[in-house]
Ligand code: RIB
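A single chain comes next, written as structure tokens; it is the form predicted on its own.
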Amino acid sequence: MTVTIKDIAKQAGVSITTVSRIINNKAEGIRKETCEKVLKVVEELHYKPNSIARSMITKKTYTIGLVIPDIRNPFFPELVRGVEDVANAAQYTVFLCNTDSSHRKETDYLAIMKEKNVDGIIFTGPQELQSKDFYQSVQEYEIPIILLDRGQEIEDFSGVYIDNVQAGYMATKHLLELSHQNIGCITGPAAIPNSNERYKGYLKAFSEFQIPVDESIVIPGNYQMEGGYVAAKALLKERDVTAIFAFNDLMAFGVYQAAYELGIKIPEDLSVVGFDNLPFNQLIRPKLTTIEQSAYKMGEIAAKMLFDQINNEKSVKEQVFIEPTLIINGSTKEHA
């Protein structure tokens, strides 16, 4: 038999209104002993609130949307976990939407989120936010929206990002300090702003060391292992590079595969730096020198910002930038 708040009220010896206020976190003015007694009965009877009835009272659905571009990339499950842990603690459900970096899917999922009346949305990497029409359509939803990982150029939204210019600079500077000058660069897709920011950091480091950049050893990638493999094959076969900076770890793993097939040893013949510090890094040898950006922490912060906006209409929009960290492992060494 389904337990109702009427049953809770009867067993606890309080009014239905009192029970409703306590289980909906609106217990101001109610004695602590009363709250404890009601919550004890809730636990004893294994009461589960009716989500539809709850939303009618609170004007909330207790759901949020999380839109990510590629669930296959190990960076994003960690990010999702950070969001989900915060949401779970707040007794919220997360609708997870994977877009495969498709504008059509991004648009479709937005419509679905609106139809489901979610209380807020976290966007992870909506490339088309650079489009004025798409940006305006997102604003029309009139619910809290947090951008995550990509989209810092859209100042009207709150967001959580890593300082990609600084990260690109740190990775390149590390190789330059090891006396490498012919540093191949495998970028991300040009449409994704964080790739362009990391490239700015790459250029900044070369400028600081007063070394000209050879643009022929800068090759676009796709943030996938296969893209890193193809780009590395081109660099290692056709160019005299002593080091490669790949704009994410997946592409760096592709560099490892290409180097192995060509009989090139890491780090003896080739130094490699990646970006993300994925857990898979623990499985490869030598371990990859990489830039760490805590995906879990980014997801956690974004979720907390979202719930602050959901619960506080006067919350201020803000952009949070997380400082990157260079993790030096065995894939880089001094160039002779």
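The structure presented is a predicted model; accordingly, all values stated were derived computationally and were not measured. Residue indices: 1-based, along the sequence shown.
Missing here is the form predicted in complex with alpha-D-ribofuranose (RIB); even so, the following discussion is about that form.
J.: Given that alpha-D-ribofuranose (RIB) is left out here, which of F253, F75, Y92, Y199 has a heavy atom within 4.5 Å of it in the predicted complex?
T.: Selected option: F75.
J.: Where, among 60-68, 301-309, 34-42, 275-283, do residues come within 4.5 Å of alpha-D-ribofuranose (RIB) in the predicted complex by heavy atom distance?
T.: Heavy atoms within 4.5 Å of alpha-D-ribofuranose (RIB) in the predicted complex occur in 275-283.
J.: With the cut-off set at 4.5 Å between non-hydrogen atoms, does H180 touch alpha-D-ribofuranose (RIB) in the predicted complex?
T.: Judged by the heavy-atom cut-off of 4.5 Å, H180 is well away from alpha-D-ribofuranose (RIB) in the predicted complex.
J.: According to a 4.5 angstroms non-hydrogen atom cut-off, is Y223 in contact with alpha-D-ribofuranose (RIB) in the predicted complex?
T.: Taking the distances in the predicted complex, the answer for Y223 is yes, it comes within 4.5 Å of alpha-D-ribofuranose (RIB).
J.: Applying a 4.5 Å heavy atom distance criterion, does S158 contact alpha-D-ribofuranose (RIB) in the predicted complex?
T.: S158 lies outside the contact set for alpha-D-ribofuranose (RIB).
J.: Is N194 part of the interface with alpha-D-ribofuranose (RIB) in the predicted complex - any heavy atom within 4.5 Å?
T.: Close contact exists here: in the predicted complex, N194 approaches alpha-D-ribofuranose (RIB) to within 4.5 Å, heavy atoms only.
J.: Heavy atom within 4.5 Å of alpha-D-ribofuranose (RIB) in the predicted complex: which residues of 241-274 qualify?
T.: Counting only heavy atoms within 4.5 Å of alpha-D-ribofuranose (RIB) in the predicted complex, the contacting residues of 241-274 are F247, N248.
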